[in-house]
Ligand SMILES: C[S@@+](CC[C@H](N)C(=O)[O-])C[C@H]1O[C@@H](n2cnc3c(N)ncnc32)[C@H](O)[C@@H]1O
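Okay, so here's just one chain, in structure tokens, the form predicted on its own.
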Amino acid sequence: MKDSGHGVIRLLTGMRDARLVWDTLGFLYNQRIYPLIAGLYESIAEELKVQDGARILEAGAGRGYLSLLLASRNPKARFTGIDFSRMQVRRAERYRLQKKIFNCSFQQNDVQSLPFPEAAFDAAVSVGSIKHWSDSRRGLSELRRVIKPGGCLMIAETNRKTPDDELREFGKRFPVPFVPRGLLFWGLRRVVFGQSLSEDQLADAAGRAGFYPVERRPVTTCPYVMVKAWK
């Protein structure tokens, strides 16, 4: 029975990370999750110092909320958002045109094999994406490669060590139709947060990829952790 349970979790985690799932069901994530982590995007936009003429990369941009928030506040900088889902990129481009923001663009790419030259960006950001990468160290190394010396990486992810009571409260904020609350909590605990990273793991991954120094902290607005690191 225990092995069967682990098999179910592996299957659901594979589905969670599959490009086809994001192509077909990414819009549900956009609708349900964005309102819950808008405060995280806001804190990144306030903390990230963007100079005029800077180039900023977002890895795992989804519908583009963070890239477009940053672009709207820094009109003299350039922003590039990448996502491995073709449909999420299309959704981001539609949203960009709707918002009439022109110093930002989106493209389909894999963070583990970036098509950009070395030191092409002044900084990079990523929210809720690293747990989906098949090789997180390779992805982080690629981000370090394309960041200029002295440049900053800000990366946030669901906190694997979120206490059960906090996770239950978080789950109450996005009821999913026809999904019992207990089953929703099980999915969050075992598949989403349980197959993610803790604060220590995220900081250690950044350090092993060559970033230094590395700062870490929990996020106050949602059960995520944040790492800020430099090349």
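Computed from a predicted model, the values in this text were never measured in an experiment. The first residue of the shown sequence is 1; numbering continues from there.
From this point on, the text means the form predicted in complex with this ligand, which you will not see here.
Please check if residue 186 has a heavy atom lying within 4.5 Å of any heavy atom of this ligand in the predicted bound form. Judged by the heavy-atom cut-off of 4.5 Å, residue 186 is well away from this ligand in the predicted bound form.
Do residue 33 and this ligand share at least one heavy atom pair within 4.5 Å in the predicted bound form? Output for residue 33 is yes: heavy atoms within 4.5 Å of this ligand.
Using a 4.5 angstroms cut-off on non-hydrogen atoms, would residue 121 count as touching this ligand in the predicted bound form? Answer no; every heavy atom of residue 121 is more than 4.5 Å from this ligand in the predicted bound form.
Would residue 84 count as touching this ligand in the predicted bound form under a 4.5 Å heavy atom rule? Judged by the heavy-atom cut-off of 4.5 Å, residue 84 is in contact with this ligand in the predicted bound form.
Interface stretch in the predicted bound form with this ligand - options 97 to 105, 143 to 151, 129 to 137, 71 to 79, non-hydrogen atom within 4.5 Å: So the stretch in question is 129 to 137.
Which residue among 205, 197, 50, 37 has a heavy atom within 4.5 angstroms of this ligand in the predicted bound form? Of the candidates 205, 197, 50, 37, 37 is the one lying within 4.5 Å of this ligand in the predicted bound form.
Could you list which residues of 144 to 168 come within 4.5 Å of this ligand in the predicted bound form, counting heavy atoms only? Not one residue comes within 4.5 Å of the partner.
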